[in-house]
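So this first bit is one chain, no partners, the form predicted alone, shown in structure tokens.
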Amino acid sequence: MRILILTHSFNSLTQRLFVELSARGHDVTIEFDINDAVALEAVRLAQPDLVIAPFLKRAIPPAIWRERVCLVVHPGPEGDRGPAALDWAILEGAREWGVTVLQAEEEMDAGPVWASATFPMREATKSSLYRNEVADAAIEAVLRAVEKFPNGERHKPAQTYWKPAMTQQRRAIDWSRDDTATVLRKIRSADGNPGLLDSVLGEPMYLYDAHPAAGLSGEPGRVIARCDGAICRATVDGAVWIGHLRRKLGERPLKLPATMVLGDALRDVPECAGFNTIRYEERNGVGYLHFPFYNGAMSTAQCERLREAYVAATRRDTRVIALMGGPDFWSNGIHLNVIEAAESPADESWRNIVAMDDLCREIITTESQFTIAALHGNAGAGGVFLALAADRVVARDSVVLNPHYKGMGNLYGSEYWTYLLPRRAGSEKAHEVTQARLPVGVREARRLGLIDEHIGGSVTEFRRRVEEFAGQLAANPGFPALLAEKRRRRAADEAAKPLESYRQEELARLKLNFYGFDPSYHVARYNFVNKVPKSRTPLYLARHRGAVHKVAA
């Protein structure tokens, strides 16, 4: 079918829908919901059989849903209505939740139901649940709805109940009364957007990235420790780590590591172990290096610490090193928010990419172990090419890759991609990957040579399967020969063209992005981190508009 996806932005769920529907042979085009006139024009140009709205911040114009079937993806079970469904589910401690695909009508979230799916809730942030359980259920429900669309099978929910928009007052923390579990629930219900509004050291701040702080306690509400960019605040029965903050006031308040936001105000707060974004463990001849960086962004300091941890892992008596990333993201490359907040974003961009390159080089040149990149979650830009530095890349079925830089102001990119990508994909497919600017699902990623294998199941199941594979590889009697072949191939590649040559060529192009006359990268980065609304849909997404432009040309 011809399907138009009408969405506020090309977020993680929209990308997965685009990938899954396209893989099933549907002709999918996308329009950002900017205003009624733009949406109406998109429908007129696309002439879709079906409109799907996975992520909107306002109602679909009646002139559209009265003429065509429009399916809205609502992040709540059948009967749930309202704009903050997942926020309420987390705040109220729901044990089971769901996603409903319903037809747009006059009454918000009350149209006929085409499909729904449920899932057990876990203790996690709103954004983590959205990327995982909600996205999985949404894909299941949308695909069923699309299959049923020709027959028009739908039903009215047995009953409906409306939940209003969530207010900051409703989930405000009372540090003198709320226990740790309550504080975590409140912060997690607001994490990624808009954040939970609170006061930190007398200044209004939005809180994000909260975790229990085992073994720590103090005066409730007081900042009692700091570690690895996070601050620790005491509750009535313990404490919580808060990894990220955003000032409410100021010219350009950005979401940043908490210690970076507070700076000198923390000079009397003691450093304390306990919040480690990098963790190493070892079993059966395999070293597992976890780095669940918030939103997958890797700052200069984080790249340097991860490189140090990786080098330390290579000195262990192991045969395999598995680079595990985090459950939500593997890596999304350089840390654009930290770069934007720097005194010189150009200089910080340079430092960050050099640190990424240093990390990649260590992985590429490892001769003592076989390396595996295990992608539980999505990867983008430099994070994809960081994964390609490993000897083998394995991804969970739900993973979406964005293996390109061009969307960030035609950034050229580094991380030795000019070596790693053609080595895996070949020159023709490498060109296809870098020019497309589109997300790639695991089946397409395997066709392109970006990954070696994909595995279904939950994050827990994926991890178990990776550990099985890594353990079998370490115990394989033929392992010495495998390692010898790896060394031979790397030596041959180095003789043909040194790694340093790839690096210097990439950095020469990047220097123009960072310091040259064309400000596209800096403009795109500013718009991205400050969430400046799109004024139009890029033509590589809005294929219906691309066709019009070709005819006009």
Ligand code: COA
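In this text the structure is predicted, and so the values were computed from the model without any measurement. Quick note: we count residues from 1 along the sequence shown, nothing fancier.
Beyond the structure shown, there is the form predicted in complex with the ligand, which is absent from this document and is the topic of what follows.
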item: The ligand: the contacting residue among T180, N295, T118, S458 in the predicted bound form [heavy atom, 4.5 Å]; value: N295
item: One residue of R319, R396, R188, R131 in contact with the ligand, assessed in the predicted bound form (non-hydrogen atom, 4.5 angstroms); value: R131
item: Partner proximity in the predicted bound form: N11 to the ligand, non-hydrogen atom cutoff 4.5 Å; value: yes
item: 4.5 angstroms heavy atom contact with the ligand in the predicted bound form for G192; value: yes
item: Contact flag, T537 vs the ligand in the predicted bound form, heavy atom cut 4.5 Å; value: no
item: Interface membership of K255, the ligand in the predicted bound form, 4.5 Å heavy atom rule; value: yes
item: In the predicted bound form, segment of 468-476, 235-243, 380-388, 222-230 with a heavy atom within 4.5 Å of the ligand; value: 380-388
item: Non-hydrogen atom within 4.5 angstroms of the ligand in the predicted bound form for each of L336, N402 and Y405; value: yes
